[in-house]
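This document starts with one chain, in the form predicted on its own, laid out as structure tokens.
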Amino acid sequence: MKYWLMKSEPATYSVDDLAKRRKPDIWEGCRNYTVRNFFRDIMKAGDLAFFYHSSCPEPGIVGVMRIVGDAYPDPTQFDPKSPYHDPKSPRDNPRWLARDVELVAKYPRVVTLSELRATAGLEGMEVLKRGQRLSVLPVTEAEWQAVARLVG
């Protein structure tokens, strides 16, 4: 099993939105080739991911999700009404992939970015690196365990 951190702006899609679904939902709109390669080549069904709220007053980890099923073409790339539309993505060889996720747990509190920065053992965590802009990042098992201890 691998571990991940997946970012979303809560004004766009929050942990509460996923919780309301009560079933797996699509993680869409990733338009970065590194993330596409993670989805296609490394991420597997059953992997776990932290749900991270970004670009908000209190960024941080708000829950845990499980990856469900295989990667598949992101339908938003073909929808001209979608903010994630990519008119250059061919239908017969789509550029962008999506994954389905299901909520495992919503945390009772936000594990804040500042708390992550202050926690020994998380110094190398990808989300803490300056300039890191990817919306999906790998997390080591040691980092996963350290964050789990913070939640209690």
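Note that residue numbering begins at 1 and tracks the sequence as displayed. Computed from a predicted structure; not experimentally measured.
There is also a form predicted together with the DNA; it is not shown, and the following applies to it.
- Just one of His85, Arg40, Arg109, Arg117 comes within 4.5 Å of the DNA in the predicted complex, counting any heavy atom, and that one is Arg117.
- Think of it this way: in the predicted complex, the DNA has a heavy atom of just one of Val68, Leu113, Ile26, Leu48 within 4.5 Å, and the residue is Leu113.
- The DNA is not shown here, and in the predicted complex it never comes within 4.5 Å of any heavy atom of Lys2.
- Taking the partner from elsewhere, Arg95 is found to have a heavy atom lying within 4.5 Å of the DNA in the predicted complex.
- Among residues of the shown chain, Ser89 is not one whose heavy atoms approach the DNA to within 4.5 Å in the predicted complex.
- The stretch among 118-126, 54-62, 40-48, 98-106 whose residues place heavy atoms within 4.5 Å of the DNA in the predicted complex is 54-62.
- In the predicted complex, the DNA lies within 4.5 angstroms of at least one heavy atom of each of the following residues of 9-38: Asn32, Tyr33, in sequence order.
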